[in-house]
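Here's a solo chain for you in structure tokens, the form predicted alone.
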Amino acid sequence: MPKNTIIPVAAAITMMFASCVNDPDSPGLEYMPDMYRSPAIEAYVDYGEDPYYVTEEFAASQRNTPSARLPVEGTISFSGEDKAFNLPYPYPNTPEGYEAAGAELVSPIASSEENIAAGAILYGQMCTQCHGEEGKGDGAISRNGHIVGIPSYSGKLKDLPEGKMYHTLQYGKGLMGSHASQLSQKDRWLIIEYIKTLQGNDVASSETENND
């Protein structure tokens, strides 16, 4: 056998025997397995320091210690400029709660051009699929026949109070599901500011007049 073929053949034989293992679940010899088979990472687990630098026992104790815990029941997060939007929603998911929200709940943010513009962006991302670009109930889902009879903001919903809008975003109503998990409290109010313009209310002009 030529000398230049001895080394490759020997290497092939060595790898063949190394891959023959008794464990049926073993993949055999793996070259840098972490490069193509990523480890499973559990949520809310502090994986801590690399066992290469600390003992395996110390690293294992860190892995078994959750890094995130639920806050104490009843506590409210108050941080940043939007802390006022962290208060619990006081109205229940009942017909009475819906009516009470419509009569009592008002937007805590100013009706300004800036807020309307921000609400328009959110509306485009979250609402047009059903309600349509101009709020006429002619979004893609409606046009495809999946949901029919979505009312227009310039028609049936023209006089819908902002409190009832917010209540619907909070809990859902009819065929519309809750958006509480997709939109923060502030984002919901921003969308409502834009919807007011679709209802035909010039809220930005009203704010200017009130400031004069």
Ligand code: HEC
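Predicted model, so just to flag it, every value in this text is computed and none were measured. The numbering used is simple: start at 1 and walk along the sequence shown.
Here the subject shifts to the form predicted together with the ligand, a form of this protein not shown in this document.
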{"item": "The ligand in the predicted complex reached by all of 126, 150 and 168, non-hydrogen atom within 4.5 Å", "value": "yes"}
{"item": "4.5 Å heavy atom contact, residue 179 to the ligand in the predicted complex", "value": "yes"}
{"item": "Residue 191: touches the ligand in the predicted complex, heavy atom cutoff 4.5 angstroms", "value": "yes"}
{"item": "Residue 60 within 4.5 Å of the ligand in the predicted complex, heavy atoms", "value": "no"}
{"item": "Residue 195: touches the ligand in the predicted complex, heavy atom cutoff 4.5 angstroms", "value": "yes"}
{"item": "Option touching the ligand, based on a heavy atom within 4.5 Å in the predicted complex, out of 105, 130, 109, 118", "value": "130"}
